[in-house]
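Quick heads-up: the structure tokens below are two forms of one chain, split into structure 1 and structure 2.
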Structure 1
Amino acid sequence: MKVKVISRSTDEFTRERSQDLQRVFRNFDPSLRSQEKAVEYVRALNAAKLDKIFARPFIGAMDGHRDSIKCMAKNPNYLKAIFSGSDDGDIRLWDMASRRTVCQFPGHQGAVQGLTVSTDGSILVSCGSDCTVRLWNVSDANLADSDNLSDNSAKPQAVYVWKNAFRAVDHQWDGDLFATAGAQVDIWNHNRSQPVNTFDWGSDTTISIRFNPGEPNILATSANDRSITLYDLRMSSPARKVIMRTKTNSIAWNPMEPMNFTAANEDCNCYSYDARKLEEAKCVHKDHVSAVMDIDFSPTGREFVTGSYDRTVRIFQYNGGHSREIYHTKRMQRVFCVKYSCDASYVISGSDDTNLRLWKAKASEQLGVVLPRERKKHEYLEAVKNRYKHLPEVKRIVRHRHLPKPVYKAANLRRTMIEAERRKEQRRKAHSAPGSIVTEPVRKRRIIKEVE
């Protein structure tokens, strides 16, 4: 007769030191734990509730400007640095860690409309309504010396005066050229006081401009005539243009999929396009209740942040129709510019009330040093929550957000109007001859035509 005996080595479960964790032996046979799914569901529910309890996205405000903030720029070589420009011509370099001004760049006589930093992080380019482009030397001393908060002002390295006021500026991701938007699109070199190239297609003012992160010679612009135009610097004329029903305020390229870009539109929506196929939007991102003023992609390319005239900041998945997160405060006014930090951990917004605000990209994320066991616990809870996210109770808790009353009422009104329009369309179609009325998909509805 065979007798089975449980035998364990004392070395396997004896702790070497009193601080060590006790070893726990588990049998992962599913037949032994029939309640495993029920237990995991409760854990997912609790994780969703804990996320709500610990959601504290607002970190702090950076105060110092005396007028509304219109533009911002990141320094690719310095994680803590953010530049901001306001309507009174003031440009400031901020240290996000201490939330204080490190350096000021005085000189513009009117509103600063655009800021951008060169690829190596040494040159800051600013443009404004005073018809000047100014190049500033961003020395490492200014960045490193954030503790010295005496009146630290910089002098421009070069000032280029031009015929028209400027609305936006952007620098090549890899190269020495930068482009300005205004009455036309001008391409500049650091060492030339005149534009090296000029593009003009249509007579309206160009209001935003962005270089492609993957192909340095391609750039996209949006103009007051409701158009989005693609340019190739290797060609003498613009490449393609798509005309929409409403104006596009800003454009952002996806850094991980450089053929795709997202446009922030006046009709409260954002539209993601494939640059190779402009006759149809890839995705329509809804939720704002007023014009979307600015947009910026996360360095991971999986999310983007938008700032709107409705005084809220929203974070969207790159392929999601509705926002994942909404940020607002009682003091924050109309948001004119937003940026993701270079490590995708934070979001910075600049608004009409002269303040920059620093937010966490994940509202309930734990700041500071996270121990390995804590990190594993967070990852496990995230995985469990993801597994049961389709169940009604978990879904309801994860999706719920408190909205300011004006935004809540405006969203309800907007929903009612869209629903009424949809019903009207259905009735018109039902009482017409079959095939006489074709329902256009939402992704094509806002596009008038594509011009090549």
Structure 2
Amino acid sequence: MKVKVISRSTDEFTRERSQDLQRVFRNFDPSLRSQEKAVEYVRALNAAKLDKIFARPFIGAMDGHRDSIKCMAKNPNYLKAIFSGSDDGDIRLWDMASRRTVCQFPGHQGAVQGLTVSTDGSILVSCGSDCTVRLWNVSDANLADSDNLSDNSAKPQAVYVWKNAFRAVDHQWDGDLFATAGAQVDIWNHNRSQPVNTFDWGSDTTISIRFNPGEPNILATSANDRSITLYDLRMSSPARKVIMRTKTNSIAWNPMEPMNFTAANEDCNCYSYDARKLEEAKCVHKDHVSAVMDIDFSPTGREFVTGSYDRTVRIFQYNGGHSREIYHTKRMQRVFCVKYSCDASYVISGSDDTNLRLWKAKASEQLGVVLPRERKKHEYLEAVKNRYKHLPEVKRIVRHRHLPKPVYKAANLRRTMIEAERRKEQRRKAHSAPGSIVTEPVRKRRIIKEVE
């Protein structure tokens, strides 16, 4: 007879010394666990509730400007810094960690309309309504020096005066050219006091400009004649143009998919386009209730942040329709510029009330050093919440956001109006010959035409 009985010796299964960790044994057999799905569901529900408890996205406001903030720029080499320019010509460099002004760059006589930093982080270019473009030296060494003296002011490296007021400026990602937008699009070199090249297509002012991160010679602009134009510097003539029904306030290229860009439009939507195929938008992002003023992509390319005239900041997914998150405060007035920080953790918004506000990109994220066990737990809770977020109870909690009353009412009104339009369209369709009325998808509807 051969017999063996389970016998566990205590030393194998318990720790040797009190300074050792407790031993943990795993057996993943599903028969040891009952009702796994129900347990996961309860965990998803609790995770959703905890998320809401820990959702405190607002970190702080940076106070100092004396007029509304119109533009911001990030320094790609220095994570903590952000430049902001306001309507009274004041440019400041902020340290986001301490939320203080490091350095001021006085000089502009009118509003500062655009700010940009060169890719190597050495030159800050600013342009304004006083028809000047100023170049400032902001390399690390300089900043370190100025750190010692508080509220230091710097002298511009160069001042170029030109014919018309400027509305926007952007620097090439890989090179030393920068472009300004105003009555026409001008291409400048750092050392030349006159534009190297000028593009002009159409008779209206260009209000925003952006260089493509992947292809250094391509840039996109938007103008007051409701168009988005793509230029290629090598061709010295504009490449393509798409005219929409309403004006585009700002454009941002997706840093991970450089052929796609998203345009923040005056009709409260953001339209994502593939630059090679401008006849139809890839995706329409609808959630704002007033004109979208600025847009910036996260360095991951998966999300973008928008700031709108309706006093809210929203974060959207790059391929989704509705916003994942909305940030608002009673004190924050019209948001004119937003930036996503270079480590994809923070969002900075500059608004009409002269403050820059720093928010977390993920509202319930734990900042600081996260222990590996904590991180694993967060990842698990995130995964289990995503698995059950379609069930009604979990969905209700995950989706719930408090909206300020004007935004809520405006959203309801918009919804009613759009529903009414849609119903009328359906009835017209139903009572006319089949095929005579063709509904265009929203992605196409807002585009009037594409011009070569």
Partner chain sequence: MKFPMKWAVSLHRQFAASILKFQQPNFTRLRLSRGLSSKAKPPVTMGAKKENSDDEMDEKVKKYLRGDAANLEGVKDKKLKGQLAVREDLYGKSAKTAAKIEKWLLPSEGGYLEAEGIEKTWRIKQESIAREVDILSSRNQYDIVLPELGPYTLDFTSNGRYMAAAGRKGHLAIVDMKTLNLIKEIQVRETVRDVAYLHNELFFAAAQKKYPYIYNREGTELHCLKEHGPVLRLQFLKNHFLLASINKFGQLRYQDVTMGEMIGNFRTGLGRTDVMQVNPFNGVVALGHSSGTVTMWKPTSSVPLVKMLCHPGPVSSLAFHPNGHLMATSGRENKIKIWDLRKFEVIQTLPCHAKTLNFSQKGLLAAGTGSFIQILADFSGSQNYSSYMTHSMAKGYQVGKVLFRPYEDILGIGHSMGWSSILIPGSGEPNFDSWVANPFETSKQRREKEVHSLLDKLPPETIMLDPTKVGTVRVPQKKEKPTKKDIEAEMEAAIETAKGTEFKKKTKGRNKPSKRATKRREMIDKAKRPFLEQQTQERETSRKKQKTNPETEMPKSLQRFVRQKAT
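As the structure is a computational prediction, the values presented were derived from the model and not from experiment. Between two forms, the rigid core is defined as the largest C-alpha subset superposing within 1.5 Å. Structure 1's sequence is the ruler for residue numbers, which start at 1.
Index of the chain form predicted together with its partner chain, chosen from the pair: It is the second structure that is the form predicted together with its partner chain.
Lys444: Cα shift of 2 Å or greater between the two structures (core-aligned): No, shifts by less than 2 Å.
Core-referenced Cα shift (Å), Arg15, between the two structures: It moves 2.7 Å at the C-alpha.
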